[in-house]
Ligand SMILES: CC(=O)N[C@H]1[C@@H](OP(=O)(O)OP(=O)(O)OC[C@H]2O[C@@H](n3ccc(=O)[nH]c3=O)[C@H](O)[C@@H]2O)O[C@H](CO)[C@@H](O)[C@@H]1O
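The chain below stands alone, shown as C-alpha cells; this is the form predicted on its own.
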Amino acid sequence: MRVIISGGGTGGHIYPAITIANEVAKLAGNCEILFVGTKHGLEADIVPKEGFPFATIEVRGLERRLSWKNVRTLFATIGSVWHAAQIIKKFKPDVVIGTGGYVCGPVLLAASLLKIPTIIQEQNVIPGVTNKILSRFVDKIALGYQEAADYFSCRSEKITITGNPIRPEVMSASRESGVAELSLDPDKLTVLVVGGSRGARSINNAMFGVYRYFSNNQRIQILHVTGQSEYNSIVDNIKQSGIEISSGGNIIIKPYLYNMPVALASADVAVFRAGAVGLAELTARGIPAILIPYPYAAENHQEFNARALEKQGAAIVIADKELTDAKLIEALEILLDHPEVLSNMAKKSKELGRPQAAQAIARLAISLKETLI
C-alpha cells in the first residue's frame, strides 16, 4: 500500500499525522509512506527525524479577510496544486490523507482531481477554512468531535467520528513509572499545569496565587510546566514575591517536559489550554480538567473544544479574560474537597476518550484502497 500524508505548520497537525502513518504501516504490512509539507514549517524538521521520506511544495495560508495578499496567495495556490499533482503522479499513492494546515489544500485537491481516494482529519469542533473547502472534494472526513459534523455541508456518509490520534506512549505510560521519573509523592493528588510547549502567560501569572495558597499542602502536589521562555521570569518573581515553595516540596516547576506521557499518567487533575490533541490525550487517560482556552485561536475553536468537554461533565472551563488566581484556586478546591465530583469527572472524561483514533483512521484509509481492488 502507498500512502501520502500531508499536514504541517504546527505540532498539532504533524504529530497526529506521524501517529496515523505508523498505524497504517502496522496494519497494512507492506507499506510505503510519503509526507508532503513545506520547507518552512516544523514538519521539515520533525518528519525526516521520524524516518519518513519528505517532499515539499510552496504554499501560503489565506488571511481571514479580503486582501490583495489573499489574491496573490490564490494565484500561488494554483502553482502549488500543479506541483502537488506532479509529486502524486510520481509516487502513485493508493490513498492521500490530510491532517490539517494550509499545506493540505493543494495536496488533497490535486489528489481529488486525479481521482485518488482522499481523507481529511478535522481535529476541532470548529473546522478550519481549508478543511471546509476540501470537504466538498474528498471521499471521507474523519472528525475528532461529533459536534464538528454540523459545520460541514456535505453528505453524512462522508463523515466518520474517529476521535483525534494520540501517541501510543500516552496509553502505555504507567502512573508508577511517572511518579518515579518525576520524583512525585505517590500518596498525593497530582495537579498537572501545562499551557502548551511555549507556555501560557495568563495561566503562569495566575499560578503565583496558587503557589502561595497550596504551598505545604499535604493533600496535593503541583507539577507546573511553564514553557521555556517563561521559566526564568517565573522563578525570579517567586523569589521577589517571597513565596516559599521549597520547604513544602509539593510544588515542582519545570520549563519543559520531554516525556509528557509519564506526566499525564501521573496526573489526577490537569490545568490545560484546549487544543484538540491535548484534550484527546486527557480524555484517553480519563483525566478531569480545568480548561483555559487560548482566546486568539482561529475561529475561537479552543473555546468550542473546551465547552464540548464541559457539556459532558469532563471539565471546568474558565475563560482566559476571566482567569485569576482566585478563580483557579476555587476550581481546584471544588475538585479536591469533593472526591465524588473528581471521580465523576474522571469517568466522564474516560467515556469521551478515543485512544484507538489513529487505528480507526488507518482502517478507514485501508478500506478506501480496498474498494478500488
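Values in this document were obtained by computation on a predicted structure and should not be read as measured data. We number the residues from 1 along the sequence you see.
Not on display, but discussed next: the form predicted together with this ligand.
Proximity of Q356 to this ligand in the model of the complex: non-hydrogen atoms within 4.5 Å are absent; the residue sits far from the partner. Shown alone here, H301 lies within 4.5 Å of this ligand in the model of the complex, counting heavy atoms only. Within 4.5 Å of some heavy atom of this ligand in the model of the complex lies at least one heavy atom of Q123. In the model of the complex, this ligand lies within 4.5 Å of some heavy atom of V194. When contacts are defined as a non-hydrogen atom within 4.5 Å, all of L257, G275 and E281 contact this ligand in the model of the complex.
Note on contacts: among V235, I243, A297, V129, the single residue with a heavy atom within 4.5 Å of this ligand in the model of the complex is A297. For the candidate set K140, R167, H83, R285, a heavy atom within 4.5 Å of this ligand in the model of the complex is found for exactly one residue, namely R167. With this ligand left out of view, the stretch that reaches within 4.5 Å of it through heavy atoms in the model of the complex is, among 20-28, 358-366, 345-353, 6-14, 6-14. In the model of the complex, just one residue of 223-238 lies within 4.5 Å of this ligand by at least one heavy atom: V225.
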